[in-house]
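Single chain ahead, by itself, as structure tokens, in the form predicted alone.
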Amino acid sequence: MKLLLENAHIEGIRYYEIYRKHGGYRAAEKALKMAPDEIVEEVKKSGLRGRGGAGFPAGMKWSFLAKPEGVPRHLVCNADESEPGTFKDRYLMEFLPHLLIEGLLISSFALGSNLTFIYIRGEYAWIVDVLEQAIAEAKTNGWLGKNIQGTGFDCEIHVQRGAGAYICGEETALLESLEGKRGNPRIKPPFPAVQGLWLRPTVVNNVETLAAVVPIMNIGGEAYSKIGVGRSTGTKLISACGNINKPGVYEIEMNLSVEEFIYSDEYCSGIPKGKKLKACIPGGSSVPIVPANLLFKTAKGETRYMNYESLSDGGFATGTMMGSGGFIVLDEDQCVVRHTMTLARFYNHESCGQCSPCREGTGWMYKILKNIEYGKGKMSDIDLLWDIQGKIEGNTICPLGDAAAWPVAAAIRHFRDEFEWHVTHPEEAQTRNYGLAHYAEPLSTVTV
């Protein structure tokens, strides 16, 4: 079943007239005739969980919004899609911008936000033009601005470009940047629902989460909750990439098995050249890597499904996370040490530097991993890496520290023998083909 991408194939669907012709703004018509609290209740009934990574129930988050007398409230759409391996929000905004605008309108009405923002990743420059055109079309046709469709509700939506900082995907850093300040995360509490943008009550939701409000209003929260399984309700967009035959954005029901997703012709269509599966990072670069033997079966031997509960079954000792749905597949030729080093370099570069465990620890992990990868590592470095990541996790203001620690911890937990092989075979590690060997620096030129 497709709820978000049902009309994605229609030529010109990004334009208002075509979108409207195919049922666009029908959900908004329905919502504007309801009381705001009724819309919140429908979202609660749906069981919709935040699609940005945390998976927190959206309706519950909305219900936390403070409503002090005379104080404006705001909705902010987090379109700062900077998680490596994730590109499904880009797809929605580029090809179905009015779906997002409609979701924003309904959500703004439910939350009482007359001034709503889309904070978009700086590198998505061309999508800013797409969104602003869609906003202009919606305004021309009476869906934004003053007295929307004669209801007396006013709402303006503005697009704000970020400067390309991964940290601004964290909601409080995003708000700081939106206010014109450096994108440093805030200490919580107070939470944005109480003091957010300009210290006003604010809800921050991901692009996919807000787009999902449209089908929820169309079919009803109860019907939406029956799609999927357990607390993983509705459909989920997956950004599939890596060593697969058909990379792309797929909309799945969350009762689909991981094995079927990778090997079915409907989805990823298997691994190129018949190579074996080595591992997968199923939720974007920040979630734990899972080896092939644990990817299809849980710790209890049950089938692992593409949903929040099944992927995390057994905790981080054997499981991982649904995260943002950035599904990265690694075949048998890929080097886990090299990939872990690349991720450590990324998180070191993107750390805002506010918390010392993250500021110092991410750089330290990267240097050690670089030593191991380039033949200058020691066996004691592996245990040192384990110790450093453990001291970062849970000791920072925002989750970036956890995001840097989890990939390292999982790589050592599941592929320690590969780290040890790099230490005992430094020259061979450089010449062995891991699929990325053309990027390798000669040992004589490496500076660490």
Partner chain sequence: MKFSEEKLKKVNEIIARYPDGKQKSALIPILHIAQEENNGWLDVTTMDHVAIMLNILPIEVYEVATFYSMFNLKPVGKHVFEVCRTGPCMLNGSDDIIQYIKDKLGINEGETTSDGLFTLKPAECLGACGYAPMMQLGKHYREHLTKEKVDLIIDECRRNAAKNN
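Positions refer to the first chain, counted from 1. Worth saying up front: this structure is predicted, and the values here are computed from it rather than measured.
There is another form of this protein, the form predicted in complex with its partner chain, and it is not shown here; the text below is about that form.
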Quiz item: Of these, G220, P247, P190, G375, which has a heavy atom no more than 4.5 Å from its partner chain in the model of the complex?
Solution: P247
Quiz item: Ok, G319, G234, G162, P201: which has a heavy atom sitting within 4.5 Å of its partner chain in the model of the complex?
Solution: G162
Quiz item: Quick one: does E332 come within 4.5 Å of its partner chain in the model of the complex, counting heavy atoms only?
Solution: no
Quiz item: Heavy atom to heavy atom, is V71 within 4.5 Å of its partner chain in the model of the complex?
Solution: no
Self-check item: Any non-hydrogen atom of D154 within 4.5 angstroms of its partner chain in the model of the complex
Solution: no
Quiz item: Hey, in the model of the complex, does A136 get a heavy atom within 4.5 angstroms of its partner chain?
Solution: no
Practice problem: Using a 4.5 Å heavy atom cut-off, indicate which stretch of 262 to 270, 206 to 214, 341 to 349, 294 to 302 touches its partner chain in the model of the complex. | Solution: 341 to 349
Quiz item: In sequence order, which positions of 120 to 136 have a non-hydrogen atom within 4.5 Å of its partner chain in the model of the complex?
Solution: R121, G122, E123, Y124, A125, W126, D129, E132
